[in-house]
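The chain below stands alone and is given as structure tokens, in the form predicted alone.
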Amino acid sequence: MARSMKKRRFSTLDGIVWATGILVYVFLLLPVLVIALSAFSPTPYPTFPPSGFSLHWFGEVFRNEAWTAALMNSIVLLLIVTPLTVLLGTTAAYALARLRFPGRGALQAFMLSPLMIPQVVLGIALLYVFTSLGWSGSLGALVIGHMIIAFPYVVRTVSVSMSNMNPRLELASQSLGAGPAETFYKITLPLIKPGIIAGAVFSAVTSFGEISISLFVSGPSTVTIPVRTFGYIEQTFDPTVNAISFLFIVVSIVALIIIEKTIGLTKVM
């Protein structure tokens, strides 16, 4: 009897927890759902639920020169920032995992510190630095700014892969006659590849959606798609913004799927 009552009380509590969790998820997903469905509205203003189905506003994004120029700037940045950040982040994570030196922990914390510092503060700091150097508004300034934000993600994901790798495999390779470079290429690199892929995806998504630093260091010829969206919505509000937001949502979902398939979200989040 006592066991039955205990089981009944647990079931009630379990139901409350599940109901609360579902409400929280609905609360978090509802704005995203509203934005996504409004992107297909045929009216000149966003409506929810949409009165019909139309891809007109997606076409408007690619017909407008300002939108396409901003999109190209974001893609160019992504193509430059991602490989550079992956190269530097992988090298840094490998050095932190294999080398033992004084201040190693402090150096690792410094590399991950951009995750803890508000991006607005970083943007203002970079604005001062780039203005004094005459780089403000240039593509190089944006590349450096985006790399600072994306770099910790690569270090984090590659470090996770390094921690899961057995170092005896490298020692075995070298004991069989392989040099350090050959061992890294044939043993280490394949084993940490999931972390590198996850870091590259994080880096690409971070660069593509970054706005705080871009607002401070971009110029008229280097406006990115988030900056263009921010400026556009100050003047008007039509479903074009919803269409852009829907594209961002799709990119984020694809990125999450790739990370889950390669290294697992729970290991990097």
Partner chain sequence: MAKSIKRGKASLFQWLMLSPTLVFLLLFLLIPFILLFVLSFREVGDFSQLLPTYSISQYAEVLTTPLYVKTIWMTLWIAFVTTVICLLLAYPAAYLLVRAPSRGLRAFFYIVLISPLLTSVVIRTFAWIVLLAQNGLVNDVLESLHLINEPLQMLWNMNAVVIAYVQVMLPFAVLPIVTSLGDVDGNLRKASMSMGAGRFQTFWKVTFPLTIPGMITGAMLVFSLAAGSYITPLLVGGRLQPFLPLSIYQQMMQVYNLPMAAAMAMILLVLVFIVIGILGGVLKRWEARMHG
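Here the structure is a predicted model, which means the values were calculated and not measured. Positions refer to the first chain, counted from 1.
FYI, the form predicted in complex with the partner chain isn't displayed, but the following is about it.
Enquirer: Just to be sure I understand the contacts: of Leu99, Ala106, Met72, Leu79, which is the one whose heavy atoms reach within 4.5 angstroms of the partner chain in the model of the complex?
Expert: Contact residue from the list: Leu99.
Enquirer: Taking the partner chain as it sits in the model of the complex, is Ser159 in contact with it (heavy atom to heavy atom, 4.5 Å or less)?
Expert: No, Ser159 is distant from the partner.
Enquirer: Would Leu28 sit within 4.5 Å of the partner chain in the model of the complex, counting heavy atoms only?
Expert: The answer is yes: Leu28 has a heavy atom within 4.5 Å of the partner chain.
Enquirer: Although the partner isn't part of this model, could you tell me whether Ser138 comes within 4.5 Å of the partner chain in the model of the complex, counting any heavy atom of the residue?
Expert: Answer no; every heavy atom of Ser138 is more than 4.5 Å from the partner chain in the model of the complex.
Enquirer: Evaluate Asn164 for contact with the partner chain in the model of the complex, applying a 4.5 angstroms cut-off between non-hydrogen atoms, and reply yes or no.
Expert: The answer is no: Asn164 has no heavy atom within 4.5 Å of the partner chain.
Enquirer: Candidate spot Pro194, Ile258 and Thr262, all three in 4.5 Å heavy atom range of the partner chain in the model of the complex?
Expert: Answer is no for this spot.
Enquirer: Can you tell me which bits of 113-131 touch the partner chain in the model of the complex, meaning any heavy atom within 4.5 Å?
Expert: Contacts from 113-131: Ser113, Pro114, Leu115, Met116, Ile117, Pro118, Gln119, Val120, Val121, Leu122, Ile124, Ala125, Leu126, Leu127, Tyr128, Val129, Phe130.
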